[in-house]
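Have a look below at one chain only, the form predicted alone, in C-alpha cells format.
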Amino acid sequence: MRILVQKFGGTSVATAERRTQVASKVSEAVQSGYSLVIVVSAIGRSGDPYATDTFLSMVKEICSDLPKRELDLLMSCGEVISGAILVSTLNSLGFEAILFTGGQAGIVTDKEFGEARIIRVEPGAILEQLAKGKVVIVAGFQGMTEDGQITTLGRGGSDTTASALGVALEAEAIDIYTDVEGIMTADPRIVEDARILDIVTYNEICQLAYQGAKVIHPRAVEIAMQRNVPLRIKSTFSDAPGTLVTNMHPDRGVGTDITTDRIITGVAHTPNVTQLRVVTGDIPDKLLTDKRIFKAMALADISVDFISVQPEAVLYTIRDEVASKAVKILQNMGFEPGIVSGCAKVSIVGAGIAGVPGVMADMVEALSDAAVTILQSADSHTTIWVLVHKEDMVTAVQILHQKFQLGI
C-alpha cells in the first residue's frame, strides 16, 4: 500500500471554491495510486465563524478562566467541523471518505492540556479504512490521553499531526499544503527578490522555522526527520512543485559539474523581543545565581532565548508582551535588569556555514555598512543570529539577503 499524507491549512478549506481545489489535489493523488490520509486545520482565521480563535473569544467574553481540560474540548471542535465539511465535499464528488478525531486516529498524548506531546500513534483504525479504499480525514491539532481525555497539541499542531501520522504509517511523503508555493529565502513581504527554495535539509528548515519562518512548525520537521519521511511544502492554489525537505540531495546526472554546497539558505526574523541584562558578577556563587534566574523564568512560564552567560552578567531575550512580568520577577529577586525593548532577532541559516571562515565577518560588515547596530550575537554550526533594534529589522533582512546573493 502506497500511503501519502496531505495536510491542508485553514485557508485551504475556508470556502467551497477552495475546498474544490483541495478535492482536485485529492483526485490527483488517488489517480496516482496513493492511499490517502488527509489532516485538516480549523476553517479560516480569527473572526471567521468556525475558527478556533473565534470559539475562544466567545468563551472569554463570559469567563476568562475556563479550565484547561474544557478549553481543549472547545479548541478541538474547529478541526472536527472542518473535517466533516471536507468529507461532505469529497463524498459529493464520488470519493468515499471517513472522518476520525485525533483520538480515533490513534494519536495518544500525555496529559499536558493545551501543549500535549504525542507519545505514540496506533494507526490500526486508519489502515483498516485505507484497505477498504476510503480516503481517511483526520482532525489535526488534537489527540487523546491514555484515559480518554481530549488534548490539543499547541501551536503548529496540525503540522505535527500530519508528520506523526506519516511516520507511523510509513508514508512515502507528507505534503503540507498552504497558501504559499514553498519555503522562501526570506519573507517576500520584506524582500522583493525572495525566491522559492527547491530543496532544503531537515536541519535547515528546522532552524528557519525556529527563527521566525512560519510555513511549517519545527516540531513537525523533527518528527519526519526521525524516519527520513520526505516533507513537501506546496500551495493548494497552484501546481508549483513547492519545496522538498529531506536529508538527501537530488542525484546529479553522470558527467555533471560538481558545485560547492550553498553556504546560506535563507534569512529569517523574529520581531517584538526584549533584551534583559542582569549583572551578577559581584555575587558569590555566580553559577547558582544564574541558575536561579532561569529557574524563576521557567516557573513563571516565560520562554527565554538568545542566552549569553558572561563572567559579569547574564543576557537573554523574551517576548515583549511578557517583559514587564519578567522584570518584576527579577526585581523581587533583588536585581535591577538593564532593559532594551522593541528588538528583533535576525538570522542567517545554512548547512554550509559550519567550518567556513568569514561568514560572520561578511554579516557584520554588511550590517555595519547599512548603519545597523548589533546588540548581541551568537552562532551554531547552521545559524548565525544577531539582535537589532526593531526599526532596523527590515533593513537587516534585506541587506543580508542581498549580501549572500540569495535572490540569484
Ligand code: ADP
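Note that this is a predicted model, so its numbers are computed, not measured. In case it trips you up, residue 1 is the first one in the sequence shown, and so on.
One more form of this protein should be noted, the form predicted together with adenosine-5'-diphosphate (ADP), which is absent from this view; the next part is about it.
Could you work out which of 241, 338, 124, 188 is the residue within 4.5 angstroms of adenosine-5'-diphosphate (ADP) in the model of the complex, going by heavy atoms?
Selected residue: 188.
Taking 4.5 Å between heavy atoms as the contact cutoff, choose which of 135, 293, 264, 183 touches adenosine-5'-diphosphate (ADP) in the model of the complex.
Spelling it out, the residue with a heavy atom inside the cut-off is 183.
Which one of these stretches, 170-178, 299-307, 125-133, 102-110, sits within 4.5 Å of adenosine-5'-diphosphate (ADP) in the model of the complex when only heavy atoms are counted?
Only one stretch passes the 4.5 Å heavy-atom test: 170-178.
Taking heavy atoms and a 4.5 Å cut-off, does residue 215 contact adenosine-5'-diphosphate (ADP) in the model of the complex?
Result yes; residue 215 sits at the interface with adenosine-5'-diphosphate (ADP) in the model of the complex.
I'd like to know if residue 398 sits close to adenosine-5'-diphosphate (ADP) in the model of the complex, meaning any non-hydrogen atom pair within 4.5 angstroms.
Residue 398: no, not in contact with adenosine-5'-diphosphate (ADP) in the model of the complex.
Residue-level question: is residue 11 within 4.5 Å of adenosine-5'-diphosphate (ADP) in the model of the complex, judged on heavy atoms?
Answer yes; at least one heavy atom of residue 11 falls within 4.5 Å of adenosine-5'-diphosphate (ADP) in the model of the complex.
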